[in-house]
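A lone chain, given as structure tokens: the form predicted alone.
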Amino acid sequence: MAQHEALPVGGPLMTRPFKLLLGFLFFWAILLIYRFAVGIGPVSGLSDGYPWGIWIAFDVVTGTALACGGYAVAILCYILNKGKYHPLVRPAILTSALGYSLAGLSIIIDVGRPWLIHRIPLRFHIWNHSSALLEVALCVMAYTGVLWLELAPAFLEKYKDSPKVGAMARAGLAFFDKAMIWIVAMGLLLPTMHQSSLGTVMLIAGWKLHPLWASPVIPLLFLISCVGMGYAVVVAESSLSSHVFRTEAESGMLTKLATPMAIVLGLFLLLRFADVLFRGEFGLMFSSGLLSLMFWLENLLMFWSIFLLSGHRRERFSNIASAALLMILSGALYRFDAYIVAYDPGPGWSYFPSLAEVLITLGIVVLEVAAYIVIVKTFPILTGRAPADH
């Protein structure tokens, strides 16, 4: 087997853990039916003051950032021409495709009239061209399709030797071999647009968002943070999948991600603190109570990550994996704080997610895990991984 040949993991699908996932998804589906039957009000803690909660702040805003592994690795491979990272592209694209698809599902669950979502791309003649949310909606829809197109060769490779559909699969592979450069270009453009626009959305909040987060550079901070979270997820996904499927992780290649991870972290922290100081909000870092604590928690986790990624410590893969987990946590906290914790619509309004909101969010995560297991066991996604000795 070639060192970086992609192969299905194989093995039985209906294992005990997978059956437990399916069992939870059964009850999750019943809860979804209930949500659409009774409306959004009875199953959530949302209100006019807090029109969105964890279904947006976690499932979409944080979830799409965690799904930027394909975007982050593509920057290395195709823009910086670091072809040595190419074996990481396919599993990163799968994680991104699943993450963005389920973020779209979260939006369908969250909006009051989901049956009208199709009007967004179709009624272009009444678009509000000044709307940041319109750009986010269009880009997320388009990027989800682009991600599955990027992953299409993996599905076609499965059937290229089939006597029934082999000719069609080989023709598809030939088409994608020529078209992939354009697909990848779209895959690099679209996240750059909508990840920054997710930050732009919170500029609209104005005085409702605390000054430590309400910054003119929040679109750029959102964009930089999604790249860092993307690299971190690639490391975490590889570590976790190698442990679960008992395969060899690309530890040597992943260790080399320490440099871009540290650069992105350093750039984010430099911009974040320079912005706060430039706007004269230095005192708020220490005088804002819980929000000061959240601000420092976000940034100290990033400083800790840089510490693990610097000097001789970066030579140990365990340090890289730990730094990746800290990056995921700090990036998620930054986005969650910007959309919920640091957002205050005024007196009389409060928000805490209902049990149904939490269970539906957990179900989306479970669905992503279950879909990942099915795809990597069936199709050639994971690369360069021979079975480990155990």
Partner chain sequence: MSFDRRKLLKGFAAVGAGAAASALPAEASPPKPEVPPDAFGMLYDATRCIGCRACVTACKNANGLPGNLYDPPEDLSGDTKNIIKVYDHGKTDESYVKAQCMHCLDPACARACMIGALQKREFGIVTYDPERCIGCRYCQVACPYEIPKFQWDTPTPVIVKCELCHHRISKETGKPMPACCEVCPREAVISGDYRELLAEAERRIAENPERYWPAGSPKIYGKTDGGGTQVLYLAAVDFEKLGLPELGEAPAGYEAAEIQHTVYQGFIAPVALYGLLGAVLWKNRRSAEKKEEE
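Positions refer to the first chain, counted from 1. Only a predicted model underlies this, so the values are computations on that prediction, with no experimental measurement involved.
The form predicted together with its partner chain exists for this protein as well; it is not shown, and the discussion that follows is about that form.
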>> residue 119 versus its partner chain, in the predicted bound form: is there a non-hydrogen atom within 4.5 Å?
In response: yes
>> Residue-level question: is residue 128 within 4.5 Å of its partner chain in the predicted bound form, judged on heavy atoms?
In response: yes
> Using 4.5 Å between non-hydrogen atoms, is residue 177 touching its partner chain in the predicted bound form?
Replying inline: yes
> With a 4.5 Å heavy atom cut-off, would you call residue 114 a contact of its partner chain in the predicted bound form?
Replying inline: yes
> Which among 325-333, 359-367, 343-351, 61-69 is in contact with its partner chain in the predicted bound form, heavy atoms within 4.5 angstroms?
Replying inline: 343-351
> Here the chain is shown alone; which of 200, 310, 299, 319 has a heavy atom within 4.5 Å of its partner chain in the predicted bound form?
Replying inline: 200
> Within 4.5 Å of its partner chain in the predicted bound form, heavy atoms considered, which of 172, 219, 104, 211?
Replying inline: 219
>> With its partner chain taken in the predicted bound form, which residues across 130-153 come within 4.5 angstroms through any non-hydrogen atom?
In response: 130, 131, 132, 133, 134, 135, 137
